[in-house]
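Encoded as structure tokens, the following chain is the form predicted alone, with no partner shown.
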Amino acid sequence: MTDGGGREVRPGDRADSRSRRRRPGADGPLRVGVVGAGFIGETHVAAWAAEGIRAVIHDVDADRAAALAGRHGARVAGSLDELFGGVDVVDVCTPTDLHADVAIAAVRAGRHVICEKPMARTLADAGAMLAAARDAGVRLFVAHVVRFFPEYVAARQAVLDGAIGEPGVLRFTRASFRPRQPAGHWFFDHARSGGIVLDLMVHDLDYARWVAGDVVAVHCRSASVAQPDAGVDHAVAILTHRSGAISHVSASWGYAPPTFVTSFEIAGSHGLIEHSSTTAAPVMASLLAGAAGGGLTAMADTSLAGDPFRLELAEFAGAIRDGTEARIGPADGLEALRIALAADESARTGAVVRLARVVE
């Protein structure tokens, strides 16, 4: 097992017993370690700082970790063991294929874990994460931030309140430019990242399930499968929910920077809920800090409604302190991954993929 930089992690390693016995938040602010100092790592470190928490950062690139720490008043840990020994919570922001390695090492060290979406690269890895957290008696959270965007929360609540009757047809769009990392970056290695479906579409796959319930079948098409050298990607998936509702989910990396647009329609037996970031705030285009003409990766600016990343991490922190539940549990992260992997399989085989019934 390795950390985010390929260093060996011993699954049986434990932090010192005095640190292990500490109840999170009991003796002061929650102590948080962030593993990974890339784009999403910086997003999480900034959100923790806004909550008054100065994270400890570990990254295989020590210079990158130091630069990120300097921007946010954080400090650097030279190894995972050092990080585990000084924190209550490990926030995993590594490349997708390393999520499980870092998360399992953290929970075996007695640390609660927050893991950026998607939960893992494979169902086997995700299952191992769940089992390890259960065995260690610690909490595991999967960061699906769309569940914290106010407009998405309001739309789901309207559905739950019966405002449009029974949902029948749902449509979701999430579109931006292709991430601008250099050739050979892990992001473009499908075996490591899962591509557009696991990275971008998974947001709306999770949300569709949150609104319309469990998914029983997936049919997907992806431009990158048909034209792997095109330099852009666009994927469309059709989900059949157990309730009978149908979700149409589109994800695109085919726009010019700095475009980032989202929209949704939820049609029910008595009405329609719709939202588009092109006509209604607060979802607007945003660039990576300091970048011109489009950052490395697109993301939404939610400054008019509060930062969903901050709302998400604050809710997870509160659940850890108080022993309460968050709006998304590890089983939800597993199911979002299951749907995304089914969509990816469908895109590559052309077949409808049927999902096994979720065990309650």
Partner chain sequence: MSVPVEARQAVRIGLLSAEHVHAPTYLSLLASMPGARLVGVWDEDQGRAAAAAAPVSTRAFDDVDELLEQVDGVVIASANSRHRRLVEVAATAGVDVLCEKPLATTVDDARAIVDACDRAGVRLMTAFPTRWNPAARALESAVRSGALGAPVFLEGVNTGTMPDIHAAWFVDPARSGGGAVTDHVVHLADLFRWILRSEVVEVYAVANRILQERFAGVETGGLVSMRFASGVSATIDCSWSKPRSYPTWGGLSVQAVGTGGAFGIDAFRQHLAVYGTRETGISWPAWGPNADRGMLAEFLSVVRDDREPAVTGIDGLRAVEIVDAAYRSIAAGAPVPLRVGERAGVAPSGPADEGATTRRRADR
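Residue numbers count along the first chain shown, from 1. All of these numbers come straight from a predicted model, not from anything done at the bench.
There is another form of this protein, the form predicted in complex with its partner chain, and it is not shown here; the text below is about that form.
Contact with its partner chain in the predicted bound form, judged by any heavy atom within 4.5 Å, is made by just one of Arg192, His72, His248, His185: His248. Of the residues given (Gly86, Gly268, Gly110, Gly127), Gly268 alone sits with a heavy atom within 4.5 Å of its partner chain in the predicted bound form.
Interface residue remark: Thr96 is not counted as part of the site for its partner chain in the predicted bound form, having no heavy atom within 4.5 Å. Shown alone here, Pro167 lies within 4.5 Å of its partner chain in the predicted bound form, counting heavy atoms only.
Looking at Thr240, you'd find a heavy atom of it within 4.5 angstroms of its partner chain in the predicted bound form. A residue is said to contact a partner when one of its heavy atoms sits within 4.5 Å of a partner heavy atom; His275 fails this definition for its partner chain in the predicted bound form, lying far away. Proximity to its partner chain in the predicted bound form holds for all of Val225, His234 and Arg354, with the criterion being a heavy atom within 4.5 Å. Partner proximity in the predicted bound form, defined as non-hydrogen atoms within 4.5 angstroms of its partner chain, places exactly one of 72-80, 199-207, 167-175, 137-145 at the interface: 167-175.
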